[in-house]
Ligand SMILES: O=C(O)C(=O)C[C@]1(C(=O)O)C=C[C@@H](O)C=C1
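A lone chain, given as structure tokens: the form predicted alone.
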């Protein structure tokens, strides 16, 4: 990414070894890739048993690929950047707690990466502990901060006074409890039922999430060069900087989408980090970069914003197609261009 005005980063065609799009991330099982391994390699937020692993299993068969658990999101994405793995699966958004900022910031900086798919995982939690521990004696609970936030109400009602011990992932806390360490520093862990089963810990309580309908959205990330084919139900993710000290800059940016009939499913600001008061915008737009209205939007953004980072066009996990208003279909854009060409050729209609 560069800071010169009008810089837009794009992806190209599918390089040798990467999978052809098959209409959705959940159906794309990569073949041997640029890492030179016999099987595609996937990094993910580990250890085994995380919700991220559950999302990963939606896009690949572990008997046909190599799974690489990572300590954190940044490590997983950096492995893709360095070419040590072919893809990474990381969380990006939760229906209760909102976006995963470390994922947004990691995609917005550093060498470019692109999103090539998304997966949705329903979120449920149980409270697990070692043999002999009872619910009445739990005082310190370990889990990922997002999981703690989704179970705070239950903990407050059933274990008043219990404190949170942060973990790098929900499964990491379970792994520590199941390990040989005599005193892991906490009494119980909030985690997925899958991870508790994998590590063989007793369950003290289940159904402990405050919102039983919580869902986390995960993304499949690759190096630039792989652009999934449009399905008609797609998203395009962007990172956009606004001009400094320009009145109405945000409105001007949003108008690029509105005037072309491109709906936004997510938009939020993130600090750029170089000084106070400077922000970028992380955006999910409905549509695929191959569509005329999305291309016209990118051209508009290129004109009015100093930096636009293209972070991928990929199938929506929910399959929801956008509602296009009159004048925003591909045929409408093509007809308008043809009319202008006729005028330039001497036409009058």
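Source: prediction; values computed, not measured. Residue numbers count along the first chain shown, from 1.
Just so it is clear, the following notes concern the form predicted together with the named molecule, a form of the same protein that is not shown.
Colleague: Answer yes if any heavy atom of residue 175 is within 4.5 Å of a heavy atom of the named molecule in the model of the complex; otherwise answer no.
Modeller: No, residue 175 sits far enough from the named molecule in the model of the complex that none of its heavy atoms falls within 4.5 Å.
Colleague: Would residue 218 show up as a contact with the named molecule in the model of the complex if we use heavy atoms at 4.5 Å?
Modeller: Because a heavy atom of residue 218 falls inside 4.5 Å of the named molecule in the model of the complex, the answer is yes.
Colleague: Check residue 147 for me: does it contact the named molecule in the model of the complex (non-hydrogen atoms, 4.5 angstroms)?
Modeller: Contact check for residue 147: yes, within 4.5 Å of the named molecule in the model of the complex.
Colleague: Using heavy atoms and a 4.5 Å limit, would one call residue 123 a contact residue for the named molecule in the model of the complex?
Modeller: Contact with the named molecule, yes.
Colleague: Check each of 100, 79, 262, 107 and return the one that places a heavy atom within 4.5 angstroms of the named molecule in the model of the complex.
Modeller: The residue from 100, 79, 262, 107 that makes the contact is 100.
Colleague: What I'd like checked is whether 45, 52 and 94 together line the named molecule in the model of the complex, meaning each has a non-hydrogen atom within 4.5 Å of it.
Modeller: Yes, because 45, 52 and 94 each have a heavy atom that approaches the named molecule to within 4.5 Å in the model of the complex.
Colleague: Want to guess which of 131-139, 221-229, 152-160, 167-175 is within 4.5 Å of the named molecule in the model of the complex, heavy atoms only?
Modeller: Answer to the contact question: 167-175.
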